[in-house]
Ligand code: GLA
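Starting off, we have a lone chain in the form predicted alone, written out as structure tokens.
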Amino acid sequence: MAVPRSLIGQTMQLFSSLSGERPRLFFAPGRANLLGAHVDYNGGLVMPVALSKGTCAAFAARAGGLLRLRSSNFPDQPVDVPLAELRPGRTQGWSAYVEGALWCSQRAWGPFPGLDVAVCADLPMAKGLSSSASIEAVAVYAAAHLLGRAPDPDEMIRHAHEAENVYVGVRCGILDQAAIILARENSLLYLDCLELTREHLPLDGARVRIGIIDSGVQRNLATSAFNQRVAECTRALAIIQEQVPGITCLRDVHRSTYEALQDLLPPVLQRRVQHVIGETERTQAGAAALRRGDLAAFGQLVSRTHLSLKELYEVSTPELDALALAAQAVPGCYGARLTGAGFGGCVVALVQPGACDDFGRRVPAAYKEATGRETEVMWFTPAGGPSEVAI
């Protein structure tokens, strides 16, 4: 995809305030997950799409072993830290995502002499669009190129995922990092998080636009109830494994097995397992719908996922529910659901191109009437993965 010249210019201007060297420039997109919500860490099937906005980063080597990080999104939080002092838990700030990616890359591929890095993003942050994974992906991709490595996608996914799990401390699955690193334009990734098999299914930007609508409810993933949901799924799995030792993850639990064992689970764990089972079934059905080009059926499954996230996984909010209902009510909207982990952030909608103007008027109006909050629709097309940008 073509990176906006304005974003390139902003990144280069920021870098010039840091260093007089000529940098190398890299870009990675954000992502929205359409089906397979909260199942990646349960060994499930996911269907994310990369978005045509993301993170641009300029890198240049420097002497002295120092890492200097600057971000236009956090201008009052510059970071200067020796590369040798990078370690998990060192910081909870924005730089943790870059630091974590470089920490993992150095351990695998060897040390940097020092780095100057400028980061700019046109992707909204903390909205469920994987701004953190976008930063990790661009940093890992850049590290591979700067160290002369042939960037293997699966290796880059592992390092970016480890950065989030170990360095930042968020117990996420591989969905976000894989969705970004494996992305292709005009397609959606169908990924098996257990077997790591993948398929790119058609999602043509000429047939569908991706609308992202911000609820205005802030969330902080690292301190939210996300880790609690992971722990609940781990507890449920342990209880089921006592009866069926061969099961390795909740994705392995079929509906008949759950129905035979559900009374062993507390009600809250019953709801979590029901969501994982239903979401696995929806994702399989969604893949079949896309293979036959049935966007209407696919969109209906997306909307049903929102209901499950609301009622069974309990990660929605009244604002997200109001947005999803407003979007689903507009003619030409195939489907809509909250995106990301929930607890705030955005709703993603799949919309016919000819309906975008009407959708852009009606959804903000309905949302304001329901909640009193202002919002607007951001439009994206299915994008490709990380790349080096010519300057």
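Being a predicted model, the structure only gives us computed values, none of them experimental. Sequential numbering from 1, following the sequence displayed.
FYI, the form predicted in complex with this ligand isn't displayed, but the following is about it.
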Using 4.5 Å between non-hydrogen atoms, is Ala37 touching this ligand in the predicted complex? yes
Any chance Tyr41 has a heavy atom within 4.5 Å of this ligand in the predicted complex? yes
Check whether Gly173 has any heavy atom within 4.5 Å of a heavy atom of this ligand in the predicted complex, and answer yes or no. yes
Given that this ligand is not shown alongside this chain, does Phe112 nevertheless sit within 4.5 Å of it in the predicted complex, heavy atom to heavy atom? no
In contact with this ligand in the predicted complex (heavy atoms, 4.5 Å), from 56 to 64, 325 to 333, 356 to 364, 340 to 348, is stretch 340 to 348
Contact with this ligand in the predicted complex, heavy atom within 4.5 Å, among Trp94, Phe226, Trp103, Tyr190 goes to Phe226
